[in-house]
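Take a look at this single chain in structure tokens; it is the form predicted on its own.
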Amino acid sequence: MATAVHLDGITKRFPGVVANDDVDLEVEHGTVHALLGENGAGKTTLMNVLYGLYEPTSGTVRLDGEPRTFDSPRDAIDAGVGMIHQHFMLVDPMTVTENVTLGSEPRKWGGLAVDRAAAREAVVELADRYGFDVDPDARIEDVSVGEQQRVEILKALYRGADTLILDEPTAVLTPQEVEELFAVLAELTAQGKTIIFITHKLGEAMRAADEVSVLRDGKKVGTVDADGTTREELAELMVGREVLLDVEREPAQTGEVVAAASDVVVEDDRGVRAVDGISFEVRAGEVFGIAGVDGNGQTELVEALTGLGVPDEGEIRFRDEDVTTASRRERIEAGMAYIPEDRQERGLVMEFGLVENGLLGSQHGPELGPNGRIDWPATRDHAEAIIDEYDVRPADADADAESLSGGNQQKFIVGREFKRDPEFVVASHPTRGVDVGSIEFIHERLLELRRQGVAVLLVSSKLEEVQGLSDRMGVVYEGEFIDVVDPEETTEEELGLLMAGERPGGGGDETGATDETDPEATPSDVTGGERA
């Protein structure tokens, strides 16, 4: 089979960093090629070179055997290379047709006006050709995330892309939408298109790709046939050591209720209920998971729990005390730790060194801030202890947070929060954007807290993660718990349907706290210490 893309000896240097080191990559026509690697391994940089966002320090980009030089993404697009970014670049109030053709609209009347009918016809024809189920007249703000992704792909195809780069394409999709995406990729390659996708999900790389290339520390360490490899082999290539992939979780030994929410309502800036009457309890020694597609009220709920916001209705209790209006500082001092979903906005001050970042949240405490004055030697010792225990790299307490990879930033935050000796941990997307080695590390630390009797609230859009770590799990949809389930007794398909808003049996009350075998069951029966 002919080679569609050949990256020959690509090296890309930034000041003080070699992001790509003499990387060769060959992708055959009409195939799906997965690019795998840890945070900072150079995957995105390499694809940015192919897409014309970066000029390589050395090396050659070849398309269909011909050397090409790209000064911008426009050059790459003109050469038949398109890129679909993880965060979609669509205009929400505009229609599907308007987004697909934006900037390249067919014209009429000598170019004086957009030919809307021709534009719509072109989009319909393109969607039919590749089997895309999209409404050309729907506004982007009214369609699902999976449909938005298909619109992005249509945009690239409309501009003549033969090679498509997808950056973490499944990050915000339900399991059903993931399967739909894989069907789209299969149809695209059947019609001769070439796909390269960046992912850190081993199972998806094996499921969707023909070949998998692995980068580590800026170098390619191997390319394997997806059908002939294993998750363990890929993980070891990525990390350079054997990785424990399956979560080993013994039965929970639960104690008293540590934290509880009762009929919590949080309205967004528009007055819409982002959280709509949610109730639950978390007991000592258990992980209570919240699963759902991003944007269904998880962020607003977590902010209310951790003191970053105040609910409009309802009550939050911690150790049987009403903390609904308590400040973030008061909750920290009471024994609540928080791993935020956005490590750069909520977890770290990027311009500060690790010494200062290790102090955050403890500057008023007796150990690091006695009598209102910072004990800087103790603060440095504290940061160095986090770095050592949690294997943060580089092992330099004076390094700025912004100089660390995403995975190392996350490990430092996890270490700082767990060093508080908390009774209750709110972990919001704790492994988002981190590599398989860091995921293994963070999961083990969470389970260690559970074994120590700490109550853990885990919020994650990764089904494998929340299902593997949780003892009980609430599925949130449009601000409500659509059901509370036993993760071991619920399939991924059933969870995916719940995440998409399909209530069990077509019914269920506002909190999802139902039990089909017991019509007299109450919400407390479901949210209590025993598994639902």
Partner chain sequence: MSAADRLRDALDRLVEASATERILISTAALVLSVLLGAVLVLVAGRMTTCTAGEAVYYLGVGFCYDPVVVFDRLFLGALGDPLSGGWSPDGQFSVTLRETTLLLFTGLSVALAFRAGIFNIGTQGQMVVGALATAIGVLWASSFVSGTVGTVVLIPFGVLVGATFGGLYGAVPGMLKAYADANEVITTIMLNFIATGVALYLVSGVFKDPNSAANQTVPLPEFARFPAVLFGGRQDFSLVALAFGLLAIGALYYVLEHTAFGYDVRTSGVQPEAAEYGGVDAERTVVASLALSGALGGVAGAMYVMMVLGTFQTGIPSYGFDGITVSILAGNNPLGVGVAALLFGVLKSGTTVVQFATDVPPQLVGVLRGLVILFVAMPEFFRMLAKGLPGRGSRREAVATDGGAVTGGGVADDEGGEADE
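Nothing here was measured: the structure is a model prediction, and the numbers come from that model. Residue numbers count along the first chain shown, from 1.
As for the form predicted in complex with the partner chain, it is not shown, yet the points below apply to it.
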Quick one: from 221, 360, 102, 265, grab the residue that has a heavy atom within 4.5 Å of the partner chain in the predicted bound form. 360
Quick one: from 231, 346, 120, 317, grab the residue that has a heavy atom within 4.5 Å of the partner chain in the predicted bound form. 346
Contact stretch among 250-258, 289-297, 337-345, 448-456 - heavy atom within 4.5 Å of the partner chain in the predicted bound form: 337-345
The partner chain contact in the predicted bound form: residue 137, any heavy atom under 4.5 Å: no
Find out whether any non-hydrogen atom of residue 372 is located within 4.5 angstroms of the partner chain in the predicted bound form, and reply yes or no. yes
Within 4.5 Å, heavy atoms only: does residue 308 come near the partner chain in the predicted bound form? yes
Going by a heavy atom distance of 4.5 Å, is residue 350 a contact of the partner chain in the predicted bound form? yes
With the partner left out here, if you bring back the partner chain in the predicted bound form, are 85, 402 and 417 all within 4.5 Å of it by some heavy atom? yes
Might you say whether the CA atoms of residue 463 and residue 89 end up closer or farther apart in the predicted bound form than in this form? Their distance differs by 3 Å or more. farther
CA-CA separation of residue 200 and residue 447, closer or farther in the predicted bound form than in the form shown [shift of 3 angstroms or more]: farther
